[in-house]
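Okay, so here's just one chain, in structure tokens, the form predicted on its own.
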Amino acid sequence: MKLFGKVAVSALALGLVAGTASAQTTLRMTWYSDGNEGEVLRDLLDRFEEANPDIDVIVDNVAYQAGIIEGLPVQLAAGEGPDMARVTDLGGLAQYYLDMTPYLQDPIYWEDNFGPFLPWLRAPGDELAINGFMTQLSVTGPFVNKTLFEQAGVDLPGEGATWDDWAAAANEVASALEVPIPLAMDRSGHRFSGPAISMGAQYFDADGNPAVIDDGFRAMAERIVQWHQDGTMPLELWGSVSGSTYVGANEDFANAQVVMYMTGSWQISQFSDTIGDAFDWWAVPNPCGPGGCTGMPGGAALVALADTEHPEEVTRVMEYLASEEVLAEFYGRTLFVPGHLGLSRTGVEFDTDNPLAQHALETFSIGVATFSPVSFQLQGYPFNRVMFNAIISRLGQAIVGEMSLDEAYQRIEQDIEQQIAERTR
């Protein structure tokens, strides 16, 4: 009887353990990092799991190009995606997003604090869905190695300086100090578009349809090609890959091999770690042109995905991460420009004593007010990734001599028309 009792008790205990295990929901999140945000996210999720033992969140950290740009769309199309993902093709993947509205405890909080950015995530024609939130509001703009300018005795171009002014100054510094790269720009259609809009590019016709090639677009495209030919920009950056492949110059800049680097606010955390105070990495306002002095808004969003088998649990995780207190800590520790209206008004206590980081955050935050309406229209356009990919792919071919600029312009228009038609069948 005693033996039987022990067996019975053991079986009961095993049953309780199994019951507890089966009650736990495992969720997967696909994530990439520019700096320390993956570590911060994991710390925050550990606290969530401690308070919510019925949910386990596995974070799959992936490389941006291979995992997010190339891999995630394939997984989603095959119905094999994660429960949540960090994305930058905000509207381009909207068909796969979960509308969390039926599961949210307080949808008004999301409308009040994320309202201007929610349309970036919605599918065409949808004006109500709440799909996710901005893990960062990124803004494009240049950094310069101010130390190199000082060593070369060259003044930083002042307010209202054009792209031509900055290119000339960067070349002067590089020539004086034998720096290999005067000017670098991320190989990205998004990164190119801010300068193009500054030169007067409109990107859309009066009806809101894509109309990319105009005099303003040509003005910046001609400069990009010329800068690669005369050595202002390095051929090995944009010319080292083909298609729409992204390439950045952050490592070259961190190694003081670049005078001026057109990139964006997401680099602040990384430069704080990789450069520190080795030299003055100085954020400067976007150069100007006939269309203004604009960069591109954008950023990365954490979205819930419609194929999840656990929409309620996913929403609980999203509500926690998007809550004002938690998100303030995330922005503060990652040094990201807030994509939350309440925190933009009250301010975020950024976890840095680096004056270079503080200056960069202020410069990029102030710069948003100068952005052209065209840049916001382009960022909110659901097929902007099609446009960005066509631009960078064909300009890349013109840079390496595979086609002329006129041929590139024709192919850009053809690519955009064809790919949008395929996606809207």
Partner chain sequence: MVDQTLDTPATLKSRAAEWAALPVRGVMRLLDWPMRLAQRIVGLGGMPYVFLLPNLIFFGTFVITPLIINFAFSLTGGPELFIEDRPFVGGEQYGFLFDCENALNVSTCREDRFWRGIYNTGTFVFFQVSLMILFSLITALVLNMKIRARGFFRSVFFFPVLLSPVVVALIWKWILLRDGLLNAFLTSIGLEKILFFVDPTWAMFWAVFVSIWAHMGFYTLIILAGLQAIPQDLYEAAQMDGTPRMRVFWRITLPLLWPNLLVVLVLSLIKGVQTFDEVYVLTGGGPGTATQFIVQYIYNTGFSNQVQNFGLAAAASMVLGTVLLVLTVIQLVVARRKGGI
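In this text, all values refer to a predicted model and were calculated from it rather than measured experimentally. Numbering follows the first chain given and starts at 1.
There is also a form predicted in complex with the partner chain; it is not shown, and the following applies to it.
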Should residue 342 be classed as touching the partner chain in the model of the complex when contacts are defined as heavy atoms within 4.5 Å?
no
Heavy atoms within 4.5 Å of the partner chain in the model of the complex: does residue 405 have any?
no
Is residue 393 part of the interface with the partner chain in the model of the complex - any heavy atom within 4.5 Å?
yes
Does any heavy atom of residue 209 come within 4.5 Å of a heavy atom of the partner chain in the model of the complex?
no
Taking 4.5 angstroms as the heavy atom distance cut-off, pick the stretch from 372-380, 359-367, 27-35, 64-72 that is near the partner chain in the model of the complex.
64-72
Using a 4.5 Å heavy atom cut-off, which residue among 306, 241, 129, 256 comes into contact with the partner chain in the model of the complex?
241
By the heavy atom within 4.5 Å rule, which residue out of 105, 346, 95, 229 makes contact with the partner chain in the model of the complex?
95
Which residues from 400-425 come close to the partner chain in the model of the complex, meaning a heavy atom within 4.5 Å?
400, 402, 403, 407, 411, 414, 415, 418, 419, 422, 423, 425
